[in-house]
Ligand code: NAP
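Taking the form predicted alone, here's one chain by itself in structure tokens.
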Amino acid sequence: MRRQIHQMMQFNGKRVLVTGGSRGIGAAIARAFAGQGARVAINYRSGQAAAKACVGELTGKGHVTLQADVSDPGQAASLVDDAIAALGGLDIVVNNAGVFLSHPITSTKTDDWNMAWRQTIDTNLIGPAAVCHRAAQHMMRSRGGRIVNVSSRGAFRGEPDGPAYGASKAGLNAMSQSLAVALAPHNIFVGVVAPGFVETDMAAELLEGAEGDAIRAQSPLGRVARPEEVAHAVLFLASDGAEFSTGTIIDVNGASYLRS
């Protein structure tokens, strides 16, 4: 019983920023942290109503919503400052915001190809890098902290319809591992969670369409991940006792893709 209570209070009083936290995986991560006593800042780009609804559903008090477009490095850095001001500090950052733009090389025009790369890299890599940099400056002045970046199995298996997405997530993995080495002496620990398909609103059309059965069959479990399963891995990497897992990339893809 004592162990169960300790686990439930693992994040009691911790201050957490979740980018792209208004729905899907981000909302599940916010709920999981709040359920264990954390105060959460939910970042959104344009979905203010969804972000406010998510905050209203969180356990506990002191949660906030913060608007910022993390594809803009200036806004990404200011987001961290706003989270620190709103929460009175920052212990944990989860870079979850991301985009997937279809742009197969065989059929995409040059201008559209270039635009897809710029938008994807800005959102999925440059933005998280700016968030990590500003958060690390704060954490180095305090007692340390945790950074968890949400990547994708696409970083390993490739994304033929969205090569910029696969490249951006591979870059996110490499950046995370570089930061894990650089920041460990400062008591800042960095990890990555790499999901496959997840049962979210964004994936609903694809999962309910003609390709749905084939996508589910990619896993021997015969389904895709639930957002709560991704959140579970995020909480592990952010938890006390997981320090020696810094630099780790946790696959959450139901054995749909196995890497050596």
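What you see is a predicted model, and the numbers here were worked out from it, not measured in a lab. In this text, residue numbers run from 1 along the sequence as written.
There is also a form predicted together with the ligand; it is not shown, and the following applies to it.
Of the heavy atoms in residue 71, some are within 4.5 Å of the ligand in the predicted complex. Residue contact check for residue 198: one or more of its heavy atoms lie within 4.5 Å of the ligand in the predicted complex. The ligand in the predicted complex is not approached by residue 146, whose heavy atoms all lie more than 4.5 angstroms from it. The closest non-hydrogen atom of residue 22 lies within 4.5 Å of the ligand in the predicted complex. Judged by heavy atoms within 4.5 Å of the ligand in the predicted complex, the contact stretch among the candidates 134 to 142, 82 to 90, 96 to 104, 182 to 190 is 96 to 104. Contacts of stretch 40 to 68 with the ligand in the predicted complex, defined by any heavy atom lying within 4.5 Å, are made by 43, 44, 45, 46, 47, 68, listed in sequence order.
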